[in-house]
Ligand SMILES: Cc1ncc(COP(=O)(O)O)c(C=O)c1O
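A single chain comes next, written as structure tokens; it is the form predicted on its own.
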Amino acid sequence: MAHGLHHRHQYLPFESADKNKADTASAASLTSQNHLNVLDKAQRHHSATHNFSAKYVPLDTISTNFTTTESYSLDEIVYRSRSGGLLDVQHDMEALKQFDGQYWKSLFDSRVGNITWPYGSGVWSKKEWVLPEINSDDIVSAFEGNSNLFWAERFGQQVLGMHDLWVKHCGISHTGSFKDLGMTVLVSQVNRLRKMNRPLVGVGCASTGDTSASLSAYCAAANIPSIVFLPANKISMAQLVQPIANGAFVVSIDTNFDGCMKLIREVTAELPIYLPHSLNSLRLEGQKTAAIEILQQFDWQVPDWVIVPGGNLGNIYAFYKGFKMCQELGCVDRVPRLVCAQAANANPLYLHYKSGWSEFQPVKATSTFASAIQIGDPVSIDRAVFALKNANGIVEEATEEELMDAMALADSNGMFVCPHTGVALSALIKIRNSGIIGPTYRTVVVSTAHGLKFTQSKIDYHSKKIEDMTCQFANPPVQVKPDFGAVMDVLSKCLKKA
């Protein structure tokens, strides 16, 4: 699929049969000129009017269509509404609607692969829909996004009988997780606020790994101090080494993520340290661009299902918001159905869903190989429920054995995914087996982190060292004597199985 090429061709001025026979060089020249015209038109419009804007509003005004005058500038340091509820970034949709869907599609497609700052980033190529008022000089970016959409052909056909299964590898990013998509937005805004002499000495987070890696990297790039609270002995060494290497001040605390989160909230209430969690809706503005990327990569055709692992639950809302903006601004005609996949050891959203969305009850999350979603009291529960209800979504869970088997099975089919992706794949297997997802439905599984961050769990699985787990897809190395005959014997047995 040519990335966005089809839509740019719609703008070429070929109006007659003779013109349609123009040679390849002329067509290429016209395409290039059109590419420049789209960018120039956007730049002239933005420079002339400066009318794209965004603000914080209470989330419940969006979810209930309740009218309120409460709103905040994005330059204010505020995390919750006056009632204590969540905030959401609301864009001036009327200003954005001055341009039709074809315009936005062509503009975003024209920026793919562009080295012009900051549009080479998959996030900042949608700057008008993300943080429209920030100066490009304040942006802190590693050209994140633009991640691979992998056709999981063999896994789909052999495991699920599906021919249109895709994996969005958001973990192929600067620090190895999707968190980079949101962190570039948040740290860029902090960079802007510090230049405005706002009283911010740094940024601090609680993390089970990926958030701290992303935060520390982007803060290091901007020379902004970062502070990280980590639950002691509960994250992989690969996740621990990243914030240390990036120069963060790392505090190891003998508690779980929820305990670290409670402490960092108390600290940031007393000290001028910015809080970057998904409580902070700025990050979700960056994360929603992964949904827009999926549409771009499918030439703006909407998939039937998108499956997202869920822990603190900001990401499922971010995907919904990205798809919904595309629908509202005329880029697509619908929103895909969404699935939020949880580990059974940390499944408060799943239990809430199975209860028919009755009163939400947090749970005490227990240890899971999907450590980044080991969260029993998710901050973004209200966002997730809103997204799932409006996307005709469902929630599924995966046990430890199910998620590890799914991860191993995916790896053996050419992928190398994280345990969280194993949760999403396990959820897909269950939903596919139930008949809800049919064999021809175009389905996207969101992979949130790089498999290299979780090598120990993979080693333990393939060594069959995990207690009370069969590890049915384990592939341990075969010990052989340094003898030609012995080597030939084991190779013969291996080849007979092929």
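One rule holds for the numbers: they count along the sequence shown, beginning at 1. As the structure is a computational prediction, the values presented were derived from the model and not from experiment.
Unshown form predicted together with this ligand; subsequent notes refer to it.
The chain is drawn here without this ligand; in the model of the complex, the stretch among 371-379, 82-90, 161-169, 291-299 whose residues come within 4.5 Å of it by any heavy atom is 371-379. Proximity of L313 to this ligand in the model of the complex: non-hydrogen atoms within 4.5 Å are present. In the model of the complex, this ligand lies within 4.5 Å of some heavy atom of D210. Interface residue remark: A449 is counted as part of the site for this ligand in the model of the complex, having a heavy atom within 4.5 Å. Put simply, G182 is far from this ligand in the model of the complex: not one heavy atom of it is within 4.5 Å. Of the residues in 390-429, only H420 comes within 4.5 Å of this ligand in the model of the complex through at least one heavy atom.
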